[in-house]
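Shown here is one chain on its own, the form predicted alone, set out as structure tokens.
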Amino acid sequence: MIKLRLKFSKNGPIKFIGHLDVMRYFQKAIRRANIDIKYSEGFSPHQLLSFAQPLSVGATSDGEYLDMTVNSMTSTKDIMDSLNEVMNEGIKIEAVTELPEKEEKAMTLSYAAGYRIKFRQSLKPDFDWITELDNYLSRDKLPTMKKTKSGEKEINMKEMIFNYSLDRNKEEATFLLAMSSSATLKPALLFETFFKDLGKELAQGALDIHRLDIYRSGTDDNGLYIEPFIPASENERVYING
């Protein structure tokens, strides 16, 4: 058995396909590509696949991850090329890497996600949202209510924002937000609360959300860092406080 981690992008109209449909899409693509995927045992065998944190419907991404187990392969490049040959426009395998036998699943290791956020042209706010957001984010606490399986609970979003930058010229914001089993902050909740604080309502579908990548954490002599699951270069390691 060989464990693999795939990085893929999701752009274009396919962004309106939900997570369950993306799972089914990959299952079919793997069969079409004749990949020697390993199946579970039992009465209802299924492909051994595991996705990192699901992407919200309507959002695009350059950094989604899928873990899978194969019985055999020629090379990781062959896996990537074979899948890309059968992929529809909008989803592309960007990288494939072989994992150590005891590597935990990407979903378990996820620590943070990077996002680029803009407003759709027809739904831009009629006020200087960059300045207002800058003032809002400068507060010591950013409380909001978050829905959980057991009901609603109050969280402090400030603790879940690791880094951010605001670009007035491009009219966009970039965020590094917590995304793990213990704490996750979605961009939509952040902006909905921000608008509510201004006494305004965020129009449905107003945000153009693009996920830049998903990151795992680690520590070294310089402290706590994050890096993409499949780094393209050594320069992608970022140190954070926390």
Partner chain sequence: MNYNLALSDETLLGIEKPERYIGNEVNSVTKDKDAVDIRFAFCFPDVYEIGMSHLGIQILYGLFNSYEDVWCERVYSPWMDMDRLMRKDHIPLFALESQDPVKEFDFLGFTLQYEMCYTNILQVLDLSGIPFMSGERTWDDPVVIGGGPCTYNPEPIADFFDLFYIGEGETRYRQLFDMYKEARKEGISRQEFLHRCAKVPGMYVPSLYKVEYNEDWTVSSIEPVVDDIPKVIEKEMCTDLSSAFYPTKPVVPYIKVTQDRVVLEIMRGCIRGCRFCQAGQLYKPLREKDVEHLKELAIEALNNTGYEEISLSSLSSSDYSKLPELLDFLIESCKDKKVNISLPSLRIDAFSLDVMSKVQDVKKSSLTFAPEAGTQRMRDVINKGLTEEDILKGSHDAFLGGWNKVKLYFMLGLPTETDEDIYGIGDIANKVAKEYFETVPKENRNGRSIDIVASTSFFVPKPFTPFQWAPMNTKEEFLEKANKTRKGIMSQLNQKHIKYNWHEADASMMEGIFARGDRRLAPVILKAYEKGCIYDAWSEYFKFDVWMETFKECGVDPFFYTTRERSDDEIFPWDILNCGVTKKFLLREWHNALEGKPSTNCRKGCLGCGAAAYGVGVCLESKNND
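No experiment lies behind these values; they were computed from the predicted model shown. Residue numbers count along the first chain shown, from 1.
FYI, the form predicted together with its partner chain isn't displayed, but the following is about it.
K.L.:
Each of Ser44, Val57 and Ser122 within 4.5 Å of its partner chain in the predicted bound form, by any heavy atom, yes or no?
P.N.:
The answer is yes; Ser44, Val57 and Ser122 each reach its partner chain.
K.L.:
Give a yes or no for Arg31: in the predicted bound form, does one of its heavy atoms lie within 4.5 Å of a heavy atom belonging to its partner chain?
P.N.:
Heavy-atom contact with its partner chain at 4.5 Å: present for Arg31.
K.L.:
Can any non-hydrogen atom of Gly205 be found within 4.5 angstroms of its partner chain in the predicted bound form?
P.N.:
Judged by the heavy-atom cut-off of 4.5 Å, Gly205 is in contact with its partner chain in the predicted bound form.
K.L.:
Consider Thr148 of the chain shown here, and say whether it contacts its partner chain in the predicted bound form, taking contact as heavy atoms within 4.5 Å.
P.N.:
Judged by the heavy-atom cut-off of 4.5 Å, Thr148 is well away from its partner chain in the predicted bound form.
K.L.:
Would Pro231 count as touching its partner chain in the predicted bound form under a 4.5 Å heavy atom rule?
P.N.:
Although its partner chain is absent here, Pro231 would stay clear of it in the predicted bound form, with no heavy atoms inside 4.5 Å.
K.L.:
With its partner chain left out here, work out from 44 to 52, 173 to 181, 192 to 200, 213 to 221 which stretch has heavy atoms within 4.5 Å of it in the predicted bound form.
P.N.:
Going through the listed ranges, the match is 44 to 52.
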